[in-house]
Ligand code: R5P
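Below you'll find only one chain, the form predicted on its own, shown as structure tokens.
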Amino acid sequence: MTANPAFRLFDLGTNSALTAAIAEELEVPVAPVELKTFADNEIYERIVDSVRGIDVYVVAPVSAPVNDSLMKLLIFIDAAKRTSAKSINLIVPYLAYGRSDRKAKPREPIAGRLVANLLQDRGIKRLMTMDLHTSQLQGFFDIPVDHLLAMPVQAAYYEQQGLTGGDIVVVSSDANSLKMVQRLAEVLDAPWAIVDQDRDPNIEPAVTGHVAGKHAIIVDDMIDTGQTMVKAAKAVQQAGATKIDALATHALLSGSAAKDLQDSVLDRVVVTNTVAVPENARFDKLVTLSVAALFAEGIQHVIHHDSLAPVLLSPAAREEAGQ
């Protein structure tokens, strides 16, 4: 058996392609985990090689099937803890239950806080994630949370295509994604607009801001059923946009989302690889950007006790800063 490296990187099968890409960036192997599921869906895990006294990093999005993914992660944490790992660090590109961050109605749970408690009470050292549904979820944890942004990769994609300035408009799909929109619009030196979507299906969405004659980029943190994006795209088209992109970090693509997005007025659906998209949910308009380099750089900064601030910068801002 080869000597232990300074840290070990693990994968739990939720998004193995992303883990492999992160490992390639870091120039380390993915450490083996024995994983199997019994006939009754009970999960078994075993860390193959000793991690005693080693810093452990595990890439494990809490994504579909959400509850299985969460349980896999909790079981891994227990295994690492019982084998005397020096520290347990979670790389959770997508963290489910972020939509349950407050009590909006009587007798509702706050499942986001419950998940935070479940994870940190197991003794993890830190959590690295990306584009939480609401930033306040960081406050549910009493451990360090490294909240990365997909924006540097998204901005680079549009800058490389020359889609910056006044010819484009960055559009918020609803009020929840407004901060993301304003941040990207600033980086792309573009105006922004917002689609006001009422929860009443009988009320048509309305666009606030100038989109006529522009290439519109509709932004959200996630695409689940796709209905928010489909309705926003229709409203933006009716307001005069010439081309329309959907831009989201997490491609959950539940149910008929893939078909609905393909059949919509959207020209492209641009997502990242924080969540593994199954073959049956891929479609012609889908463009996937990799965030592996961002996570790898984030891990390197943590290992070397460096600030993560440069990881959050756009390519242009990083160039200006000489980094």
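Note that the structure is predicted; figures quoted are calculated from it, not measured. When you see a residue number, it is the position in the sequence shown, counting from 1.
One more form of this protein exists, namely the form predicted together with ribose-5-phosphate; it is left out here, but the text below deals with it.
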Check your understanding: Just one stretch in 237 to 245, 120 to 128, 216 to 224, 107 to 115 has heavy atoms within 4.5 Å of ribose-5-phosphate in the model of the complex, so which one is it?
Key -> 216 to 224
Check your understanding: Closest heavy atom of Lys81 to ribose-5-phosphate in the model of the complex, within 4.5 Å or not?
Key -> no
Check your understanding: Can you check whether Asp174 is within 4.5 Å of ribose-5-phosphate in the model of the complex, heavy atom basis?
Key -> yes
Point to revise | Heavy atom of His210 within 4.5 Å of ribose-5-phosphate in the model of the complex | key: no
Point to revise | in the model of the complex, Lys179 touching ribose-5-phosphate (heavy atom, 4.5 Å) | key: no
Practice item. Indicate whether the candidate residues His147, Arg183 and Ser314 are all in contact with ribose-5-phosphate in the model of the complex, with contact defined as any heavy atom within 4.5 Å. Key: no
Study note, to complete from the structure: Of the residues spanning 70 to 102, the ones with some heavy atom within 4.5 Å of ribose-5-phosphate in the model of the complex are Arg99
